[in-house]
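In structure tokens, one chain follows: the form predicted alone.
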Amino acid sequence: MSNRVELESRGLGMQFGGVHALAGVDFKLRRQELRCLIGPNGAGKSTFFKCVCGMLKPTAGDITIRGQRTNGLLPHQVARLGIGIKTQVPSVMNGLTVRENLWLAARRDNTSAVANRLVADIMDRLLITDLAAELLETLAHGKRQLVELGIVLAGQPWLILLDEPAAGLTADEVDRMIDVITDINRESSLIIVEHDMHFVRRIARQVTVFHQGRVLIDADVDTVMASQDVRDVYLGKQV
């Protein structure tokens, strides 16, 4: 992993009426880093995620992506900077096949021939080639999650933002998702918002803990998991 900072927030604030969802968040992500964001409900992690990807415009501070200030950019403008976003409410076409969904995503910025090769590579990489002719609406949740991730990969992003990728997965599917994310991280940086502490423990190297709109701690996963402050934030629940 390089020491080059590719995404940074300085004094980031987001206010809704009198509520400070974010209050002075400083954050740095380096090239090919995998960072997990954790914290109890309402801690600010999802608001931070939405500010980074352009779904919300911060009310204070700055976000810089590869040297460009992105405050106020719309989601499609952020995506053009090489950012891939997988939210819990993805933009997919249920009436089309897996291959058709992937091809449409790949075709946005490529010729048909390049899109065809890219789709084949993605299906092989995610081990979903056998699903190519299946309608997306017929897939079980775990397989659908992989296809949605494939749609993100079709944009060939250098940074991928994932919102709770382990949610609703079986134990075997979590194992598969971990393998996929680890593979992706060889080429791309990732920011992952996640509630599943066992998943975080298995996949993260660096973890940022949000609490009451601020960064409580930003450290390696072992330090975070051993922190009494983190345990207190989770109401004494073992993490």
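A residue's number is simply how far along the shown sequence it sits, counting from 1. As the structure is a computational prediction, the values presented were derived from the model and not from experiment. Here, rigid core means the biggest group of C-alpha atoms that superpose within 1.5 Å across both forms.
What comes next is about the form predicted together with a small molecule, which is not displayed.
- Shown alone here, Pro58 lies farther than 4.5 Å from the small molecule in the predicted bound form, counting heavy atoms only.
- Using a 4.5 Å cutoff between non-hydrogen atoms, His195 counts as a contact of the small molecule in the predicted bound form.
- Of the heavy atoms in Asn41, some are within 4.5 Å of the small molecule in the predicted bound form.
- Contact annotation for Val221: none of its heavy atoms lies within 4.5 Å of the small molecule in the predicted bound form.
- For the residues Gln206, Ser46, Ser188, Thr64, the 4.5 Å heavy atom test against the small molecule in the predicted bound form is passed only by Ser46.
- Across the options 172-180, 198-206, 65-73, 46-54, residues that bring heavy atoms within 4.5 Å of the small molecule in the predicted bound form belong to 46-54.
- Not one of Glu100, Trp103 and Ala167 comes within 4.5 Å of the small molecule in the predicted bound form, counting any heavy atom.
- In the core-superposed comparison between the shown form and the other one, the C-alpha atom of Ala21 has shifted by at least 2 angstroms.
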